[in-house]
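Quick heads-up: it's one chain on its own, the form predicted on its own, in structure tokens.
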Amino acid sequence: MFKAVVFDAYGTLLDVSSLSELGNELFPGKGVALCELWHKKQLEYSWLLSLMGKYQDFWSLTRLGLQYAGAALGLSIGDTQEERLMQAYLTLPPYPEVRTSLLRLSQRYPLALLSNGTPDMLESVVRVNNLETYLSHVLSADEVGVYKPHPKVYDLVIQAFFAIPGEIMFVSSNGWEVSGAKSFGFSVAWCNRAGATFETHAPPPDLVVENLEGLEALLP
């Protein structure tokens, strides 16, 4: 038995790809490309800052990633359009099975969220989607001023649950984060929603599932 099951937020519980719908509304035919490049640059900026020993909060990086994506795709994103897209990040919907799976899992384990998102960003999506009932902790990389997969971020979980790494089951849809969490010592479940290829530079995850229903079935 684990002391807690801890989830990444964006792409694991929350459907970032849903932003492409608004992107298509604002820029017909460009929504998917905008969403994908936006998310890619947002993450790249977090890694670059961490490597350089610098920090800007994730809300700032989200805006900078959007501005880069718009410029790279030749889109004229005005202030109003930019704000609509940014505000949509605060109300991202969960994947279809998330609420019911979290409900059932919360009856077996303490659950938590660990994300690069700022406390305000996380508070918003948790509140909008009524997830607070299931989560005992909502932990943000903003508390330590560095981004995942830096060990300081994962150590927030250890402090919150007075645990050792092997007592935590960490769940992420991101291959790069599976590597980071596994390197830290967590037991790790890869929620491979996209059917992606696993990263070859790191040990494999302990579990591989397509969604949270698969995770429910495999946890003790």
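Just so we're clear, the structure is a prediction, and the values are computed from it rather than from any experiment. Throughout, we count residues from 1 along the sequence that is shown.
In what follows, reference is made to the form predicted in complex with a further copy of the same chain, a form of this protein that is not presented.
None of the heavy atoms of L90 is located within 4.5 Å of a further copy of the same chain in the predicted complex. Taking the partner from elsewhere, K41 is found to have a heavy atom lying within 4.5 Å of a further copy of the same chain in the predicted complex. Shown alone here, V208 lies farther than 4.5 Å from a further copy of the same chain in the predicted complex, counting heavy atoms only. P94 falls outside the set of residues with a heavy atom inside 4.5 Å of a further copy of the same chain in the predicted complex.
Taken together, the three residues G11, D57 and L156 all stay farther than 4.5 Å from a further copy of the same chain in the predicted complex, as judged by their closest heavy atom.
Between 120 to 128, 82 to 90, 68 to 76, 106 to 114, the stretch whose residues reach within 4.5 angstroms of a further copy of the same chain in the predicted complex through a non-hydrogen atom is 68 to 76. Residues W176, S179, G180, S183, T197, F198, E199, T200, H201, A202 are the ones in 170 to 206 with at least one heavy atom within 4.5 Å of a further copy of the same chain in the predicted complex, listed in sequence order.
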